[in-house]
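Consider the single chain below, provided in structure tokens and representing the form predicted alone.
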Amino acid sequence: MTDYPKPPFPAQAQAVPGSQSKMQPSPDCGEQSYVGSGRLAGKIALITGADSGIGRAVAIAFAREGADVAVAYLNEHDDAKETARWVEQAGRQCLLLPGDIAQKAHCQALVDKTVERFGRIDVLVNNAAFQMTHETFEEIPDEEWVMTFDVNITAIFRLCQAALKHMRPGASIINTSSINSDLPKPTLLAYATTKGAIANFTGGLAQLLGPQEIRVNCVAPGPIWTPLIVSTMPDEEVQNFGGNTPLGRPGQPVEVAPIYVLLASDEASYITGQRYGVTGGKPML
């Protein structure tokens, strides 16, 4: 808790979607620290947004717990190759799947290619997200609002629907919501709205899939140090990011990954329809 960096951080604006390799300080995704214990041995996981940040940390943790991983990402090829390197170093297989999940056909292709390679899907992690900062409601472009929904929530619907036929009883779906689902940040209005939708989608889908013995949960991170931050927020917010939490700093991706491991594992066999906050002490409603 005391070793991770606290703000202020250096100004470091990047173009969307951002590159983890250029961030200062570099996010900790568990590359040197996460130790597995076979909790996901033999499982197959498809993780979106797994090139960097929370997605990379989850991919590394899953691999060290014994899972093979399909890494879906937009176009951050160098970051994705680095994720694959850590997955393979753990002795597991990694399938890299670039492309835009805002496109319906690509959502289907992600599932098809994962199943073609691995035969099934045991864990689907819907983690990819898009956001942009706007100081006023009037300046939010219509096309950006639509894209935010396409990436953040419509893609989850499509991926879940496509993956379901390849999931067996005991499988798990884990969606990434946000503390914004309870405490919407006004300058992230579109993003916050989708994160509330993800929380409700999770609760409803868990009830629909309960009879099929497929569990659905979501994780609600607070301020986590990832490329999404430096590529979508103003310099001042980046420099002070996470400083307003009780712990006085942003979380690192590796600090979020363990809850995904739990929810993906058979240890969570009676946990479904829930939302788990990882917020550095910021309370959720």
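Don't overthink the numbering: it's just position in the shown sequence, from 1. Just so you know, these numbers come straight off a predicted model, no measurement behind them.
Unshown form predicted together with nicotinamide-adenine-dinucleotide (NAD); subsequent notes refer to it.
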Look at the stretches 163 to 171, 123 to 131, 84 to 92, 202 to 210 and give the one with heavy atoms within 4.5 Å of nicotinamide-adenine-dinucleotide (NAD) in the model of the complex. 123 to 131
Has each of Tyr191, Lys195 and Ile229 got a heavy atom lying within 4.5 angstroms of nicotinamide-adenine-dinucleotide (NAD) in the model of the complex? yes
Pro184 near nicotinamide-adenine-dinucleotide (NAD) in the model of the complex, any heavy atom under 4.5 Å? no
Would Val151 count as touching nicotinamide-adenine-dinucleotide (NAD) in the model of the complex under a 4.5 Å heavy atom rule? yes
Contact of Val216 with nicotinamide-adenine-dinucleotide (NAD) in the model of the complex (heavy atom, 4.5 Å): no
Non-hydrogen atom contact Ile54 with nicotinamide-adenine-dinucleotide (NAD) in the model of the complex at 4.5 angstroms: yes
Going by heavy atoms, what in 154 to 183 lies within 4.5 angstroms of nicotinamide-adenine-dinucleotide (NAD) in the model of the complex? Thr176, Ser177, Ser178
